Ligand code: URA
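Quick heads-up: it's one chain on its own, the form predicted on its own, in structure tokens.
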Amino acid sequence: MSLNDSTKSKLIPQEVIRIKRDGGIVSFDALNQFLSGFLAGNVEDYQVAAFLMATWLRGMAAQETADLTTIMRDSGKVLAWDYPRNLVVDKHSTGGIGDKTSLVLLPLCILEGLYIPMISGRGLGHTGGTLDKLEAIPGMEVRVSAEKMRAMLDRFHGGFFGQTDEIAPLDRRLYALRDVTATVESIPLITASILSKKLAEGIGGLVMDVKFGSGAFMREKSDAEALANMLVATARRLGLQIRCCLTDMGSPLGSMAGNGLEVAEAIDILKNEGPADTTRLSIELAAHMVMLARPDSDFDQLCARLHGHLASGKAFEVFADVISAQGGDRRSLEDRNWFIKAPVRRRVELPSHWDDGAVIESIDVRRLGVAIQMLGGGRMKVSDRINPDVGLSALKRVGDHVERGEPLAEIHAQTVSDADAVANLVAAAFVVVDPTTTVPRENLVWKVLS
């Protein structure tokens, strides 16, 4: 059953719930009335919770998902820029352990003439947030006004910003309910949540890093691909250029995970001294962002030029300029060791019975994220304070050969008891096999959809 699009009369909330419960399609007007009533306090939380569960069970048609995205976008302020819309581009990741690519992407894309109003989020659960990493830098201010954002784009072509209360307020209200009603995993709801915020930024192009694997929100590759397909279809309906990169989170990204540690590793990458996997993924994602703005570019040549920005030191200088303009202490960026200062370090080594070493067959990356969370580097609830110094370093990847006595990871903790509490969890995350076994490396970017 569907409601006629011309219906303007007041609709009782339970009728919207019933239509979705029975697998029907709710019109734009009815959905807008229902959700606007929720924001205004005229529709109860429990009624919206029932609608969310019905959506989780029944799904949404393509147009319904686009309608929900539009309503969420328009629930607050939609930013507008004085630049050509195709040059205003952003990136979003579904989250992973050690994913610090946003810190690298922004200066790379700025050097290619793009404008990047990067509105990022905080971590909750086992995955870290870009804002938490940035706030490990002394003095860094990410909560800025729209006027400050505009000034940053005018002067530097970009900046790192937190979501303000004015942008997509309906998304925050709905997410709070999804989090406590076991409806977070609904693909239409995820799609609307991501795209509504990005569309409210006033961007013309978006690169999505949709992760799958043991450390990802979507563990199964098929689920990640389904989400990517819906993101692409919905973005197209709403006039947003998009590329979705499906990337492997079967290993941590880079060798460091934890907020301050990831800033240190981002500095390494920006100085062309970082781990190959994160450097390569950062360059490829940045190349896709530039391709959205300049689709006639040659991808391989573009990747080579982006790598040149790292090798020349220009990318680091742009990063430092942006951080300094947002109050961050530029001097701390000059020495990456400033961000490696946890008082307790504990190596988690290959067990002694592996005399000839071993090869890492698989990693439960989510366990590593939970260990960081337990150390104080992540949140159990939104109001928790984060310790930026804790985390893991020297992380191995699937396919790595490890010698006896060599660490699988190194714990950075505030206290000895904290390190003791997570040591077994970290060790149990790694499955190792005989050193003669051939274990294929992950293909970081598995597929690109556009």
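Counting begins at 1, following the sequence as shown. It should be emphasised that the depicted structure is a prediction, and the values quoted were computed from it without experimental measurement.
Keep in mind that the form predicted together with the named molecule is not shown, yet the notes after this line are about it.
A.B. asks: If you check in the model of the complex, is F319 within 4.5 Å of the named molecule, heavy atoms only?
C.D. replies: Although the named molecule is absent here, F319 would stay clear of it in the model of the complex, with no heavy atoms inside 4.5 Å.
A.B. asks: Would R178 show up as a contact with the named molecule in the model of the complex if we use heavy atoms at 4.5 Å?
C.D. replies: R178 belongs to the contact set for the named molecule.
A.B. asks: Is I190 close to the named molecule in the model of the complex, meaning a heavy atom pair under 4.5 Å apart or at it?
C.D. replies: So I190 counts as contacting the named molecule.
A.B. asks: Look up in the model of the complex whether K197 has a non-hydrogen atom within 4.5 angstroms of the named molecule, and give yes or no.
C.D. replies: Flag for K197 set to yes.
A.B. asks: Please identify, from 231 to 239, 310 to 318, 137 to 145, 170 to 178, the stretch that has a heavy atom within 4.5 Å of the named molecule in the model of the complex.
C.D. replies: That would be stretch 170 to 178.
A.B. asks: If you check F217, Y115, F339, F161 against the named molecule in the model of the complex, which one has a heavy atom within 4.5 Å?
C.D. replies: Looking at F217, Y115, F339, F161 one by one, just F217 meets the 4.5 Å heavy-atom criterion.
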